[in-house]
Ligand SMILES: Cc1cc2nc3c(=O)[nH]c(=O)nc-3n(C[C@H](O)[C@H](O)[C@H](O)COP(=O)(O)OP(=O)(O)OC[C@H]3O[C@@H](n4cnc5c(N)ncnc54)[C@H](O)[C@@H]3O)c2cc1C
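Before any questions on how it binds or moves, here is one chain, the form predicted alone, in structure tokens.
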């Protein structure tokens, strides 16, 4: 049985490891055009800053594929023939497969009004190629505009600022990352980023573009901003353009339509995992999950399904963490932002407990449904999401959680207690 995996990030790597652990005789081929060795894409910002080498971001020891008898092919897949079970490469000969896994990840969503100017001072920051092009272009003293108010945007703004560029962070919405932060939390993030020297502009939808010599002018209504570089950070889309006419059914924005076991709905013996896979969420909607740990879990599940196991992939309770410069962000569970999404939460009695510490940039928001805690959102402190997830599973009540809050502090021995103050609020609604 020949298992071919396109993509060597976390989903593809975990699938290969799962297959080899279970089947010592299986033939496994991993194809990647981006890099010869698997690396953590989320750590590339530290390479850009000069804090790490690219090799430091590799999460699989070099020599692993040779030791496990996995064939690693560094080439670009240009076409898949699902009916003929073949993969066509840019440079090498076609590869025949018995089972195929698409773990091709995502690429930056392009800025539509700048499409004609790609490569001329217009950049993105998702793939290794994006990183290398921006690394060559960015020089201290330049002016740069980062467009997009989410995590990619703030990370790009941070690394460019640390490289010595005069950085403007342009956010179309009224506040940053509105799908995850409420107005108060976002205001603290914006103040923190601005304190580090970044020009933060919310409510700044870029509507116009002009090239003036070597500079780029962006407009939002009557307001113009002139910069040397533009970095688009308005999200990602599945990296599946090469699957056109392949026989693999694609959904919205190119995600691979999958069954519960991550098999393609249209192509026998083809599976998908990671950013490119369209999967079912807890609310019944279907879209990709663009998180490191869900890519890991999907890779393991897809590997088992490729071996013939009965698999039903469903992600567990949501969790994520990040940083806004040095400001910690941690979330777990269900934390709806109705004001941003314009969608009411599911029926039930919803309450929100919130506290901001008066003497440090730290907040904690706890969401309660029908007297049980269902979600946490925190800024400024590090928390153990494993503990939070256990409390959600145990259906703990708010008073109990507040009484035991210390137990979820990360590095409990060295971190001051997060006090529950009389200024904390408990409001109806989520």
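Residue numbers count along the first chain shown, from 1. Computed from a prediction, not measured in an experiment: that's the story for all the values here.
Just so it is clear, the following notes concern the form predicted together with this ligand, a form of the same protein that is not shown.
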| query | finding |
| --- | --- |
| Partner-proximal stretch of 382 to 390, 40 to 48, 366 to 374, 398 to 406 relative to this ligand in the model of the complex, 4.5 angstroms, heavy atom | 40 to 48 |
| Among the candidates 106, 355, 352, 257, the residue which, in the model of the complex, approaches this ligand to within 4.5 Å (heavy atoms) | 106 |
| Heavy atom within 4.5 Å of this ligand in the model of the complex - the one residue of 228, 185, 297, 155 that qualifies | 155 |
| 4.5 Å heavy atom contact, residue 4 to this ligand in the model of the complex | no |
| Residue 239, heavy atom within 4.5 angstroms of this ligand in the model of the complex | yes |
| Residue contact check: residue 248 to this ligand in the model of the complex, 4.5 Å heavy atom | no |
| Contact test in the model of the complex: residue 274 vs this ligand, heavy atoms, 4.5 Å | yes |
| In the model of the complex: members of 358 to 383 within 4.5 Å of this ligand, any heavy atom | none |
